[in-house]
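One chain comes next, on its own, written out as structure tokens in the form predicted on its own.
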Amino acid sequence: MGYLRDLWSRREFAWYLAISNLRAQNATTSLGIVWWVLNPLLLTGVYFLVFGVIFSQGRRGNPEYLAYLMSGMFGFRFTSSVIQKASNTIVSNSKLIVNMRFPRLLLPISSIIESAIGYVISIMAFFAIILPVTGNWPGWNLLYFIPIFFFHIFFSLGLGALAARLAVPFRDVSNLIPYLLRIWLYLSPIIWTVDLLDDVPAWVEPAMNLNPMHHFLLAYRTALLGWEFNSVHLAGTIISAVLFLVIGSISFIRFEGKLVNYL
């Protein structure tokens, strides 16, 4: 509880660190933070061209598939961005850690704030670009977005804290993470649609339920695309958020006192 009180008392530190990182990253570009939206947007365009036009499987140029693809890409981008930023945050702030006393968990938290700002901007772009094209407004389902985003933040924080903890003693982890994230992207319902699970062996669908991103993305589509509410996916987001937050934060806090030894 003392650690949590210390975190709360220094919450402004995490906010200003996140804002300063955003400014530093975008200081040399003309579009600045817009690139947070453009990167997944351009990648979405590539996947839509390949899987929505060339290998269309009956959905050639379908704007609803584009909305499906973009909603998944933005949601996955949020978590992947947190993991990548958090894995480097300890090493990149080594001088700060050596010379100042503060709860080190604030550094992964700053990665959450930084990525969350970009994600909120991307959702605004989603509503401005995609929904007018498809005409499928989510209505009251949009209210589901708030609790899903809330649990998504805690889920990503747990993964970010775990990545930050592992990347300090094992520096190769930072180089391995992009490849693991790419595999995770292909195993999640982002490019492929969930109806493909109807034609696979019986064990595949239960195995997919073990993928936390599977639940988060389908829950997001309930909120953003007006899909029918599914309590299984909501339960999956809650369980994943609590499980990974506890594992990641406790692992990081227990290792926190040894960080300086590796810097």
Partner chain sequence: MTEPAIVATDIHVAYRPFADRVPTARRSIGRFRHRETREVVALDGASCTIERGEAVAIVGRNGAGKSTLLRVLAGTLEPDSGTVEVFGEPPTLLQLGVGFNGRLSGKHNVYLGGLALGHSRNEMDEMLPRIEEFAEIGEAIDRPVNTYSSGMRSRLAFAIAMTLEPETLLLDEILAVGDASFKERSMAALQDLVDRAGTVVMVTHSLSQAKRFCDTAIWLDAGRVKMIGPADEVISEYSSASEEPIGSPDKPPGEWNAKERTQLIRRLLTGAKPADLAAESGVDVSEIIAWRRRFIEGGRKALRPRFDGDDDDE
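Owing to the predicted nature of the structure, the values given are computational and were not obtained by experimental measurement. Residue numbers count along the first chain shown, from 1.
The discussion below concerns the form predicted in complex with its partner chain, not included here.
Residue heavy atoms within 4.5 Å of its partner chain in the model of the complex occur in exactly one stretch of 96-104, 146-154, 133-141, 185-193, and that stretch is 96-104.
Although the partner is absent here, residue 170 is a contact residue: one of its heavy atoms lies within 4.5 angstroms of its partner chain in the model of the complex. Its partner chain is not shown here, but in the model of the complex it comes within 4.5 Å of a heavy atom of residue 13. Of the heavy atoms in residue 262, some are within 4.5 Å of its partner chain in the model of the complex. When contacts are judged by a 4.5 Å heavy atom cut-off, residue 2 does not count as touching its partner chain in the model of the complex.
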